[in-house]
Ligand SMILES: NC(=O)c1ccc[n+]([C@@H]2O[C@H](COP(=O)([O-])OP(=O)(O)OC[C@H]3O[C@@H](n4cnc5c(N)ncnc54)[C@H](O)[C@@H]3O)[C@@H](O)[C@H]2O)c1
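Encoded as structure tokens, the following chain is the form predicted on its own, with no partner shown.
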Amino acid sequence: MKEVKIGFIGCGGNANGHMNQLSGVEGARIVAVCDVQPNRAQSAAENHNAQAYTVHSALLERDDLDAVYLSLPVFAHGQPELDVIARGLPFFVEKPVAINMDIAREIEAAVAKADLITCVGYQLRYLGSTRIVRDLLQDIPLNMVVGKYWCGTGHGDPGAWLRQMNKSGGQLVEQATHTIDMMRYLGGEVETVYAMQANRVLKDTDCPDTNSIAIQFTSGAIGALTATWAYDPGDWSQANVLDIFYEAQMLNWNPARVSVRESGEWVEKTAPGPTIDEIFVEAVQSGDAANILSPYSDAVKTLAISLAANRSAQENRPVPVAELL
């Protein structure tokens, strides 16, 4: 089995999660890590027996890299990806893929021209609970998909980039993108969104803390998403939850399990699934990206929905997603 030597650009919380997962993946080895904060880069390097960098261009000068992970704040996407593409390296990038569609489209075009393997961190697609829903609903028309992402992360540091609209895009872009992506993955493509936003609790941020979005799917099904990050910081049970209505039935999905009715009784089902990191490493080893469910070009479509919802709220009108694609 070919050993995949991996470099990391960004060593924050999400990156550490992937590093820890990769430490248990056969054939994967982290050889280089980079972060603009030297102590963070050094800590990750020591934990994974890698070399530390503070400038990503220096990391990319190595000739032993087989793939790169990019775990960056939303506003920092762009040049790092283009530099990785210029090196001809497969890459894994955390969601969302960009702060705006111009950057996303530029990277998407460069990926297509270079014909590279890519994977975006929409890990919920790979869960056993997700596969159960896909199998159950195969060829069954949906009536409605209702999603929610309620949490308390907006109560953090008022000066953090997360709470600055021009740096994070707000909750719909940075965080509830996971729920939007699952609504797309399980419900199909989205045609139009009509959103309302408010700032009811977090007065020291220019990001909305409350979002409500009506969704029209291309299939004719309808949907709704509510999202707030001004909720209880200690309760994560209401984040990434979907109710899916089909025929005269419904199911409830969250990452841990699917709840469905069988013979009039609610039954919870779950199943094991591969990690997104295992899938990415296997794709790089084999050169076959068939098992990657979240390539870059697909993730651009999820970003477009988030940005369309923000535009809808700002302009007080329904926004066709095609306006952004």
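Start at 1 with the first residue shown and count on from there. Note that the coordinates shown come from a computational prediction; the quantities given were computed from them, not determined experimentally.
From this point on, the text means the form predicted in complex with the ligand, which you will not see here.
A.B. asks: Between the ligand and G147, V190 and S306, in the predicted complex, does every residue show a non-hydrogen atom at 4.5 Å or closer?
C.D. replies: Verified in the predicted complex; spot residues all out of contact, no.
A.B. asks: Work out which of the listed stretches, 136-144, 205-213, 70-78, 105-113, brings a heavy atom within 4.5 angstroms of the ligand in the predicted complex.
C.D. replies: Single hit among the candidates: 70-78.
A.B. asks: Scan L293, L65, A52, V36 and let me know which has any heavy atom within 4.5 Å of the ligand in the predicted complex.
C.D. replies: Here the answer is residue option V36.
A.B. asks: Though the ligand is not shown, can you say which of Q123, T130, T228, Q197 has a heavy atom within 4.5 Å of it in the predicted complex?
C.D. replies: Of Q123, T130, T228, Q197, the residue with a heavy atom within 4.5 Å of the ligand in the predicted complex is Q123.
A.B. asks: Just checking whether H178 would be counted as a contact of the ligand in the predicted complex - the rule being heavy atoms within 4.5 angstroms.
C.D. replies: H178: yes, in contact with the ligand in the predicted complex.
A.B. asks: Just to confirm, R184 within 4.5 Å of the ligand in the predicted complex by heavy atoms?
C.D. replies: Contact check for R184: no, nothing within 4.5 Å of the ligand in the predicted complex.
A.B. asks: Is A15 near the ligand? Define near as a heavy atom within 4.5 Å, in the predicted complex.
C.D. replies: Flag for A15 set to yes.
A.B. asks: Check R40 for me: does it contact the ligand in the predicted complex (non-hydrogen atoms, 4.5 angstroms)?
C.D. replies: Judged by the heavy-atom cut-off of 4.5 Å, R40 is in contact with the ligand in the predicted complex.
A.B. asks: Could you pull out the residues of 83-114 that have any heavy atom within 4.5 Å of the ligand in the predicted complex?
C.D. replies: Heavy-atom contacts to the ligand in the predicted complex: E94, K95, P96.
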